[in-house]
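Let's start with one chain on its own, the form predicted alone, as structure tokens.
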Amino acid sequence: MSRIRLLSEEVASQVAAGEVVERPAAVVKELVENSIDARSTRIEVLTRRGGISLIRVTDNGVGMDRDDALLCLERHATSKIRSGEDLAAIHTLGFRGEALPSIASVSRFRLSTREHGALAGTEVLVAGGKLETVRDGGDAPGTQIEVRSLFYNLPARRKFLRTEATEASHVEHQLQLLALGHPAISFVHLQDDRIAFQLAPAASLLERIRDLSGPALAAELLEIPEAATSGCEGIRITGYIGRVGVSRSTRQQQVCFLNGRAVENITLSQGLREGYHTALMKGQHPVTFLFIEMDPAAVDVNVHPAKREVRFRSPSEIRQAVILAVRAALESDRTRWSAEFRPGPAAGPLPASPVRGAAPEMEHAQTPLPLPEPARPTLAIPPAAALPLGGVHAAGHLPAQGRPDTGPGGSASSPFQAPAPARQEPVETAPAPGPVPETFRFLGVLGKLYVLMENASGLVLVDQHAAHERILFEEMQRRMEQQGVPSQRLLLPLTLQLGPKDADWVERNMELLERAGIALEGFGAGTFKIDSLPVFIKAEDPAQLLHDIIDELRETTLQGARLRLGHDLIAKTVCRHAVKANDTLREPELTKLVEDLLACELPYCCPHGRPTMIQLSYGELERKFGRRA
């Protein structure tokens, strides 16, 4: 007896609906995407009980005639593609022709549509996938779809829905995503007949972000420069990202659009994190509103029924484009940051003012507060022994200006071993005030950590440890970029057995690994002989460590992989050698610290993502003291 049977049309429709209609928010997404594809300029969404009881989507799009209104309820009926070749050039949000019949099969469904200029429209009623009524309709031009009693004929699916409040929040999140992706369209969202939000057509993306997320967040965003991805052929990235220090503990506000479609992809997440790199604290995620435009043939959106997941033909290219876009935006903020903490010549030098407790001879000086002698040298780059790079002796060290200063000879020490105190020399202080005293007046040090200064805008606080970390990090990073990652030859070579995928990646990136300080060569099928390792690698199981290194480098771009391995180690090293919370600095040393920080490529934060400087404007101080509303 045959055991295989054809499912009934009703059951087959319900199975297919389970892939497309997961919850009320999925219904809203599919219906609103159809409205956008219909060239609507105004879309209104009404939900009751989180969308479980009622979802109504009304638009002013092109509408349909009676034939199309009936045909759109047939499975795999669509106006958006004609052949298999069209799948490589999808420009619309919908294309499968599955959404409407799937939704109609698990709800009480009503479709009312009318073309512009038509005397009458069409109304279609469907219950659980069965056509009940077709008649003339008199609604306004456009389309209105009502979905009532979702999953009324699928109790097993209905019981998996969450509370009405939870489902309502998912619907609102989905609508906000669609509104962000199409700022030129007016959106109205009503929850239980109350207006949740009402958005007029926005003149710009930033205006739509301000409407949805508030002016406070909009003020903390950086626009991605137009030419940010000029070197990546066929890829254009626009939008906004959060400034350094603007982050979230989840990816909730990490929004990426691809050709107008909100998508999720691990390649994009990796590119964002690598673009921020040391500007992002561990465990935090950037705030982004990223819009990517590329050839539809270079991306496959036909991966998942929900169409949120996509697959790129060349992941490395799109990842590199995202990295360039993020870095260009962060670098563009440097001018604003420098202007905020270092006013231009028009502001003029700040007048000197005596400070209570200052020494008599300092009362009329530009920086009135005398600071005690340092207990140890504080503004020196850590000696070469801290991270040996070619051409510098183990006992020598680099002054803050970055010129090698070879000290007395000595034997090399552990890569992370700090120099002996007896070998340290005091840092030379600046012979004359530089540009910093012209715009900053040092007021003192709070808690032996925070340097208090006054500028033309108000009060400036500097974290001396974080500032010195950034200075040391960029200096040692430059040395690594020029000389490569230092490596040491192994006394006994190691052998490493890899799987097919890892072995293929290693064979294609031998030169990359060598620049990262790992020298290896093929030693048989899937086996490699390792002759050299980076000097800072100390591990009981080098083979396992190399597996981890390969995994890490595979997640970075070819341009950044050879340096990424050393960046985390540099950050840890400079953290040990930077000035600490209890180290006291003299005024010339504080001057030098601020000058060097302002000269850094990314002065906003330390290598761990913490801020280096904070500005409290006079206006903010006046509000805190009740002098201004």
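Note that residue numbering begins at 1 and tracks the sequence as displayed. Every value quoted in this text rests on a predicted model; they were computed, and no experiment measured them.
One more form of this protein, predicted together with ligand ADP, exists but is not displayed; see below.
Even though ligand ADP is not shown here, does it sit in the predicted complex so that Val506, Leu512 and His547 each have a heavy atom within 4.5 Å?
No: none of Val506, Leu512 and His547 comes within 4.5 Å of ligand ADP in the predicted complex.
Can you tell me if Gly129 lies within 4.5 angstroms of ligand ADP in the predicted complex, counting non-hydrogen atoms only?
Contact check for Gly129: no, nothing within 4.5 Å of ligand ADP in the predicted complex.
Contact with ligand ADP in the predicted complex for Gly50, defined as at least one heavy atom pair within 4.5 Å: yes or no?
No, Gly50 sits far enough from ligand ADP in the predicted complex that none of its heavy atoms falls within 4.5 Å.
Should Glu98 be counted as a contact of ligand ADP in the predicted complex, where contact means heavy atoms within 4.5 Å?
Contact with ligand ADP, yes.
Examine Val45 and determine whether its closest non-hydrogen atom to ligand ADP in the predicted complex is within 4.5 angstroms.
Because no heavy atom of Val45 falls inside 4.5 Å of ligand ADP in the predicted complex, the answer is no.
Pick from 100-108, 460-468, 154-162, 188-196: which stretch has a heavy atom within 4.5 Å of ligand ADP in the predicted complex?
Careful reading of the contacts points to 100-108.
Can you pick out, from Lys529, Arg210, Arg236, Lys80, the residue that has a heavy atom within 4.5 Å of ligand ADP in the predicted complex?
Checked against the cut-off, the match is Lys80.
Which residues within 57-77 place at least one heavy atom within 4.5 Å of ligand ADP in the predicted complex?
Heavy-atom contacts within 4.5 Å come from Asp59, Val62, Gly63, Met64, Cys72, Ala77.
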